[in-house]
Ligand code: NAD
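First, one chain by itself in structure tokens, the form predicted alone.
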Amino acid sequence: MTPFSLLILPGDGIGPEVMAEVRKVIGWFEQNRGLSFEVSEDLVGGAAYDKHGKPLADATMQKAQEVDAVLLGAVGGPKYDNLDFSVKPERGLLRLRKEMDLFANLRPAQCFDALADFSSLKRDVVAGLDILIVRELTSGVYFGEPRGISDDNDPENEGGRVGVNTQRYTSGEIRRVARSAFELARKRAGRVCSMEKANVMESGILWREEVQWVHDNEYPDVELSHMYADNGAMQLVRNPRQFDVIVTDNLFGDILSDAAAMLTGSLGMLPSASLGAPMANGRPKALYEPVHGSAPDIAGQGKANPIACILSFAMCLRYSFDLGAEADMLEKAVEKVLADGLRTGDLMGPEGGKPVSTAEMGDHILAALSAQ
């Protein structure tokens, strides 16, 4: 079979450590499931700045455009805090998202039963939680023009300055991310909840109307509901299991996905995917990364939790390569390891557990895969 092409960008801090465990998982699937991966590796973030003077080299960007999927570890660290904004490590990630036109950010919030007591909410509220937030990633208030801080000559303006950001969406931008949400819902429980602020924002009115249009004309088989984003935040805390797929704009998606993340108990458990338009081979442009940061305080100590990065690879199997059975296997292996009480430091709670290192967690997941 033609190998699946992957570009691995470990990045900074704990990125190389957690990505090493993903490498082991990739090897397991090659040896045991007959899959073939063509893997290349390069630099991003601070590591790229140290070598190239920029957080993403042009040649690396070109590789990212050519492969089936990009796997990224983490970027940033205090070493780079005083760099000019244009070359900060995070700009490498933003360039990947922008130039690959990754408009749909997928943030699952799944609560494994073994970790239900780690959530800030009661077990009976979060146990069995499995929701997916689809956030529009390349437009909205983070990118709209005009923007900036300028002088204001109004004598009643005490500070003398004004800050402006513009919330802007087109019909096409809304429709394409809505289609992503409906397609994903068809493979899940068949329900989409669209969140905006149509009661106070014209962009919210357009958002609601365009999502409804996509539903009525293309996905009438999927159940669609609408909710104001502030009520959505409240409902995520009150009764999160009422949701299946949530689709929302860039700003609200940023906030709501972080709120949903904490329902699961640990940032070290959360994967993500950013998807774009289909390439010539039919696969979407895609970038997969854990939600957690580079955690420089524990880098190189074998303390990092690799599960979010491993689950990001599971998302890659599912959404880039249409290997749902293999993705299920990997997710079940993670669930088994957690049920057995194996814990990296971030997962050690009042009930204890057996402490394991980053590499040991990876090895146990491979063992759980082999036992299936």
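Note that residue numbering begins at 1 and tracks the sequence as displayed. What you are looking at is a predicted structure, and each value in this text was computed from that prediction instead of being measured.
Separately, the form predicted in complex with ligand NAD exists; it is not shown, and the next lines address it.
Novice: Ok, His215, Arg91, Arg208, His292: which has a heavy atom sitting within 4.5 Å of ligand NAD in the predicted bound form?
Specialist: So the residue touching ligand NAD in the predicted bound form, by this definition, is His292.
Novice: Of Ile255, Ile298, Leu121, Met201, which residue is found within 4.5 angstroms of ligand NAD in the predicted bound form when only non-hydrogen atoms are counted?
Specialist: Looking at Ile255, Ile298, Leu121, Met201 one by one, just Ile298 meets the 4.5 Å heavy-atom criterion.
Novice: Can you tell me which of 283-291, 128-136, 240-248, 167-175 lies within 4.5 Å of ligand NAD in the predicted bound form, counting heavy atoms only?
Specialist: Comparing against ligand NAD in the predicted bound form, the contact stretch is 283-291.
Novice: Do Met361 and ligand NAD come within 4.5 Å of each other in the predicted bound form, heavy atoms counted?
Specialist: Because no heavy atom of Met361 falls inside 4.5 Å of ligand NAD in the predicted bound form, the answer is no.
Novice: Evaluate Glu331 for contact with ligand NAD in the predicted bound form, applying a 4.5 angstroms cut-off between non-hydrogen atoms, and reply yes or no.
Specialist: Answer no; every heavy atom of Glu331 is more than 4.5 Å from ligand NAD in the predicted bound form.
Novice: My question is simply whether Pro271 lines the interface with ligand NAD in the predicted bound form - judged by any non-hydrogen atom within 4.5 Å.
Specialist: Heavy-atom contact with ligand NAD at 4.5 Å: absent for Pro271.
Novice: Please determine whether Ile14 contacts ligand NAD in the predicted bound form, using a 4.5 Å cut-off between heavy atoms.
Specialist: Ile14 belongs to the contact set for ligand NAD.
Novice: Would you mind checking 334-349 for residues with a heavy atom within 4.5 Å of ligand NAD in the predicted bound form?
Specialist: The stretch 334-349, when checked against ligand NAD in the predicted bound form, contributes only Asp346 at the 4.5 Å heavy-atom cut-off.
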